[in-house]
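Below you will find one chain, with nothing else, as structure tokens; this is the form predicted on its own, and questions on how it binds or moves follow later.
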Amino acid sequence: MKIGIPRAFLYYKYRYLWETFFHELGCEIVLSPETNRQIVKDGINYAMDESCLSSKIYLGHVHYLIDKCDYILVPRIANFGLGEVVCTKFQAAYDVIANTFRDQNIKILNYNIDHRKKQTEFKAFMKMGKELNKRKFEIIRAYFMAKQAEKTYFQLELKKQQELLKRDSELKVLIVSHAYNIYDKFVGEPIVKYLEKLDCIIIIGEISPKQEAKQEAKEMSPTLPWTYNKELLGAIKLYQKQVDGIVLMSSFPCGPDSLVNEMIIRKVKGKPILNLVLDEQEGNAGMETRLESFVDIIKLKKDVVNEKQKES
């Protein structure tokens, strides 16, 4: 049994959970490749003009997997309870894919999380396992193995990041963006690599204690509805004092990110902030110039702070 997983959207957040689950069930995983120009082009051809860049990329990855596997995993995540909703693009993904590729013999693996309707993650995985004709015991075991793998990976990443934060003498830049932007080869990787080339230590907002981050987010906005944005907003509060600058990175025209990033710019004081809104037309030269200027600013600010500390 071959399970196709698009290397986009929530893959970068749940990859260890999904991959371990299917491996434990004896399934072969077929991943789409890293995002490239052809995948972006295919996604644009299938997407509506109003779709965000991340949605277009996702369509391109799904298109790549058609006829290469038995099922394609397309999660539908609506919410994690009251006040814990996710962006509508994740709620609509299943229907969008099913309708967009309805004439191309696509078989989608059912995966639905909607806590307000008592459809939990556990139930979603049980349903997927049954659809793959696996026994109940096998499915439960695979799920808990997957949860353990996910937890172990995240703890390791968090530990690595805590070690990076201890390096006081170097410039540290906090990147606040969704994992599907940061880790995507076409969208976020060029920015991360260029900042590293400028001798910056990269701190990822996505890697933070989730429950602590959500509590911190409530202080900045008690009414913010989007779960994934809450995690990022709270990460700023957790890391703000330990970094020298903050880069906000979103794909055009993401509604939740545009609203939340505007609030961050207004409310977060004391740190230089660079707001990057990316689309398929963005050129590297202009982006690199902006990043260089931003790094120059945080270097200057850090030097001024160091001089004042020496004087005192």
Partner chain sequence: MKKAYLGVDVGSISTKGVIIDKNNKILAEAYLWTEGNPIGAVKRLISELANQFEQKKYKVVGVGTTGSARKLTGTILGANVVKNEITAHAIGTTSLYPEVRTIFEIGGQDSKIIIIEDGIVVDYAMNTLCAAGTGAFLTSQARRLGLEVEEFGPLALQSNNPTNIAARCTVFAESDLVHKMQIGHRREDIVAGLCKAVVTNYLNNVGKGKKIKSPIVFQGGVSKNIGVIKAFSDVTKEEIIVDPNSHLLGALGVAILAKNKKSEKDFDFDINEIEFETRGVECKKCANNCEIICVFKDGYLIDSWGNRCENGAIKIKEQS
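Not measured: the values here are computed from a predicted model. Positions refer to the first chain, counted from 1.
Not on display, but discussed next: the form predicted in complex with its partner chain.
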{"query": "Interface membership of Y11, its partner chain in the predicted complex, 4.5 Å heavy atom rule", "finding": "no"}
{"query": "Close approach of C69 to its partner chain in the predicted complex, 4.5 Å, heavy atom", "finding": "no"}
{"query": "Proximity of E288 to its partner chain in the predicted complex, heavy atoms at 4.5 Å", "finding": "yes"}
{"query": "Heavy atom of W18 within 4.5 Å of its partner chain in the predicted complex", "finding": "no"}
{"query": "Per-stretch contact check against its partner chain in the predicted complex, the hit in 42-50, 259-267, 24-32, 56-64 (non-hydrogen atom, 4.5 angstroms)", "finding": "259-267"}
{"query": "Residue among R102, K185, R135, K160 with a heavy atom within 4.5 Å of its partner chain in the predicted complex", "finding": "K185"}
{"query": "Sequence-ordered list of residues in 30-44 near its partner chain in the predicted complex, where near means a heavy atom within 4.5 Å", "finding": "T35, N36, R37, Q38"}
